[in-house]
Ligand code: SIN
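What follows is one chain in structure tokens, specifically the form predicted on its own.
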Amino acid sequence: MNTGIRWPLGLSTDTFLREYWQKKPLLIRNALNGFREAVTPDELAGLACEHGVESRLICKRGRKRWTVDYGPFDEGRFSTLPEKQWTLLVTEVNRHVPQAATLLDRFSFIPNWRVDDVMVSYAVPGGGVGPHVDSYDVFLLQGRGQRRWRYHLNRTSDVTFVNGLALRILSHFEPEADEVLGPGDMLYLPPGFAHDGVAVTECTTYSVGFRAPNRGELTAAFVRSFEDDRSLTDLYTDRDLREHDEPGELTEAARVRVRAMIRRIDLSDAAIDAAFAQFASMLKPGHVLDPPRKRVAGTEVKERLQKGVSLARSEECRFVFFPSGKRTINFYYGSNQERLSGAEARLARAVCRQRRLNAQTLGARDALSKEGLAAIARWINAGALSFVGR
């Protein structure tokens, strides 16, 4: 797969996944072919002033004193900041800036459901967030300027934090590597590897994060998959209830009934696969799909595709599928689930592969077929796709 990442000599995407992914850090000089910054510092500050955009302003006030403020910020706030030792971080920039969203396509060798977001930080000299450990995989891509990264080459064992701080800064941090990244350089870090990035000059950094859900999250997702079951055939029943002297006691009879109900839960592979797919594609809290005000028909889709108009995937949700037969797939996006075959299935696979689509990348024969046009219109009307111009 051509990802656009310029791996070090002797390395390929396959060898990276086999030897480094979730195992050890990797520094990649001049990592992305043709990389251009998605936002300027002024544009990033503008985003931090908007409601619905998650942002933080972190200032270092001494060796062990840090302050954290949360946006949205007043525009005048940035003019009052000192010349050194602060950083602005804006999360989910891919939701708000199309160029940041397309940056994620460079990492399409990692499954869609693992994508978290693109966070962009701007820092003045000395700015950073302190030595810390993340619970997710991250690619730290340097935009403008220079940032010094000190980090561990082995998984961090001491994860005690400084008391009394709003930030989870490590009490003890002895770096094993020390590198300065310039424009286009990138550092990959697996979960659990401590690191500390400090701006050498005024700079921006693009943190491309990939979530790693824990067992509790996956179990909770499976349990949630049963919450919508409103059938009256599997309610708790106690028709043999008798008068009891201890109203607070969970009687043996009640416990036996509940044990039986739990053990009747369908733990088939199909049920677990469906629950996993729902978890993998579900919207984050506060995210909603944005359908068009006027519903789109297949005829309009055909006309626009034939004129060269492109489609963009919504950054509010993830798009996943799994095969359910030789020619059928189960396709999930947000809270939507569809069982597809033929042209619809091929189109869904194309949608999962790329964030920007046109008649050629979708496959014109499928996209312009009757069932294909109906599927694309359905996804547009759900808010999963939208037209983005020529």
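One-based numbering along the sequence shown. As the structure is a prediction and not an experimental result, all values here were calculated from the model.
Below: the form predicted together with succinic acid, not depicted.
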Please tell me which of 186, 103, 89, 301 lies within 4.5 Å of succinic acid in the predicted complex, judged by heavy atoms. 89
Heavy atom within 4.5 Å of succinic acid in the predicted complex: which of 129, 277, 312, 124? 129
Succinic acid contact in the predicted complex: residue 134, any heavy atom under 4.5 Å: yes
May I ask you to check whether residue 119 falls inside a 4.5 Å heavy atom distance of succinic acid in the predicted complex? yes
Applying a 4.5 Å heavy atom distance criterion, does residue 149 contact succinic acid in the predicted complex? yes
Is residue 205 part of the interface with succinic acid in the predicted complex - any heavy atom within 4.5 Å? yes
Which of 172-180, 159-167, 285-293, 205-213 sits within 4.5 Å of succinic acid in the predicted complex, heavy atom basis: 205-213
